[in-house]
Structure formats: C-alpha cells, structure tokens
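This document opens with one chain alone, in structure tokens, the form predicted alone.
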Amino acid sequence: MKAIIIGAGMGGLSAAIALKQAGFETEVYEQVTENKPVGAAISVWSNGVKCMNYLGLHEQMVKLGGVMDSMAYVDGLTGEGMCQFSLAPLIEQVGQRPFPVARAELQLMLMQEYGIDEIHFGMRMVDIADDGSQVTATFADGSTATGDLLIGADGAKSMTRDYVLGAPTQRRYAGYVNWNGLVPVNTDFGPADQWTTYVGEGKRVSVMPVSEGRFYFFFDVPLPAGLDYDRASAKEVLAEHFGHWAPGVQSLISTLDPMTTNRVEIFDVEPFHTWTKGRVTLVGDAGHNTTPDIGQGGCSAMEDAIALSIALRVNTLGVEDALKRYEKKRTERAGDLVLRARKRCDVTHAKDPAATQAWYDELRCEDGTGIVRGIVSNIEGNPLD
C-alpha cells in the first residue's frame, strides 16, 4: 500500500516513519522550502517520548532532550517561591522521563530518520480527489501524487481538514500572545534542571532546560489579536509588560536575542469527531489544533501517528475501514486534551480573575501532588499504555 503524507511536521513525519517501518510505500510533501518550525521548543511529555521509543528513536530523544528533574512556580512580581517539587513521582507513575527539546532539532531528527532527501519540499496541495480505489493530491505546480490513502498532517490551517469536513473551519483566538526562544542556561532565571514558571497578573514567564546547556523560554501576555509588531522591538515590548516583575524576569529579558525570539498569537479549533472521509484522514493540528497550555499538542500528534499505523497494520477490511477505526480510537482523547488545554489557558491568563487568584493561592499550598496528578492524567490513555 502507498500512503501520501501532506506535511512534514512532527505528526506527518512520525506517521511516515511508522508506516515506512511497517513496509508501506510512503511519499511526504511539504509546502515550505526549508525546516522553519513555529516556536523554539516543545515539551515532549512521557506519552510523546513513548511514541518515539516505539519508532526506535529513544537514543535520539535522550540526546536532544533537556534533563528536567523538578518543577517550580514563582510569584512573578516578588520573586518569592510559591512551590517547588520533584518530577520523580511523575516519571515513576508513567514509566518514562519527559524531554523538553528544541523544535527545529526534533523536526530535523525526524526528517533524517525518514530520509530528508525523500521529502518533497515546496509542494503546496490545492486539491484532493478520491475515486473510491485511490486518492490523488494535486499541487500548486500542477503535479499530482496518487496513493491508496492520503494523510493530512498539514497543520492548523489544514486544507485536508476542509476537504474532510466539507467546509472551512474557523479557528478560535485563545486571547493571548506568546513570545518564545532559546537562551543559555542562567541560574538567575531558575535552576538548570528545573522547569521554572513565574506567574502573576494573568501573565506567565517560563524557562525549561533543553540540550546543550540551553533554556527554552516563553512569555505569555493576554492581548488582542492582530496588533502591529516589529521583531526588533521584543525587549522593549516585553519590558512594557514585565518591567515591574522579579529580577529573574528582568535578567531573562535583557539576555534574549530579539531577532531569534518568536511571537505567536495562540489559537485553537473546537473539537470535532469526523477525521476521515473515504481514503483521507487527519493527523496532528489538522485534526485537533490546541493551545500549548498543557504541552500536549505535539505529543497528541505523535499519538495519532502511532494509532494510525497500528490501525492500518492490524485491520484487514480495507483502507476506509481502518481509517474509521483509527478515527474512533483518537477523536475523543484528542478533543479532551484540546478542552483541557483551553480550561488551563483561561485560568492561567485570567479570563476569570477570581479563578486565577484562587489558583495562585493554591500554588502557595501545593506540594506537587496535585500538579503531578494533572500531568499524569494528560499522559495516561495514550496508545502505548
């Protein structure tokens, strides 16, 4: 069988690798011309790492991942510690350490594992045709690709999703802007082996370790969508929002490089449960575009890839049947994670200020048990448990 994969992000490449390992013929098409992921890094929680382990990529993940042994919340305005705790109980419960990784490095690793020379770059899909026995993708340059199935891993603005649902989908603005990037580890911001998050005023500043002595950082600010922004002004803009915050935050702002700092307006899509139409199905953000507030977007895409490969390998009543079984396995869990992330987003960013203040008060009494329980509940239920 031949699978056409549209999109060379984490979900698409994970699916391509899994199917290639299973003996499928695969072709991967990506509309961008080079590896330029949105966002500097990603939290690959234990469920995502298990998916990489399933693909035989554990050693690569260890090499790319930061050592994150503990987690802490800090009062953003005063610098006072609110809570600090070990992540060892989480690792013991789920059976795998999480790995924060630089996004571009993870994507490059997946490209190399699949075969970067085999990926067709600069190919923007403009049409899908399914005749019941084969499916054909047409690209902007007029060329076509035909296979037994088509996997739409074409991201948050997916054309494949529009095809499957029969109409465009409206993305929902989550209400905040995220700045992110990479800086050298500096204990002014937090310990080198800790995920440290400063909170206050419905805003958030966070650092977590990735490989090679670096921190992934991000700043969240509730703002309207569509504001004008000049990349070179990152320090000045962040100083406007955080200039009165704790010294660790000031040090981070002074350290970051504006020209390598990303600014992303955060959106999601209301969960839906039709991922498959005939020989066409969805993977990753195309099926469940989520906010990053629980760190499960990329992990969920990896779960899709593994669940899809298993469905295609073990079911023998035809492609359409296997894709429907994949859809049945995945849509409820993926949609639940979208809604969990949305709920966490609203509390973190003070949609209801009283609820956010109550959360701050809870953090000051937290020993880690409640937070670990919440993270574990996101991890459990993956295809490899």
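Note that residue numbering follows the sequence shown and begins at 1. Just so it is clear, the structure is predicted and the values come from calculations on it, not from any experiment.
Absent from the display: the form predicted in complex with ligand FAD. The rest refers to it.
The stretch from 236-244, 251-259, 84-92, 284-292 that comes within 4.5 Å of ligand FAD in the predicted complex, counting heavy atoms only, is 284-292. Using a 4.5 angstroms threshold between heavy atoms, Glu303 stays clear of ligand FAD in the predicted complex. In the predicted complex, Val264 approaches ligand FAD with a heavy atom inside 4.5 Å. Mapping the unseen interface onto this chain, Arg124 counts among the residues with a heavy atom inside 4.5 Å of ligand FAD in the predicted complex. Proximity of Ile310 to ligand FAD in the predicted complex: non-hydrogen atoms within 4.5 Å are absent; the residue sits far from the partner. Contact with ligand FAD in the predicted complex, defined as a heavy atom within 4.5 Å, is made by none of Gly65, Leu182 and Phe215. Residue-level contacts in the predicted complex: of Thr276, Gln96, Thr196, Asn178, one residue has a heavy atom within 4.5 Å of ligand FAD, and it is Asn178.
For the options Ile42, Ala322, Leu57, Val338, the residue carrying a heavy atom within 4.5 angstroms of ligand FAD in the predicted complex is Ile42. In the predicted complex, ligand FAD lies beyond 4.5 angstroms of every heavy atom of every residue of 350-385.
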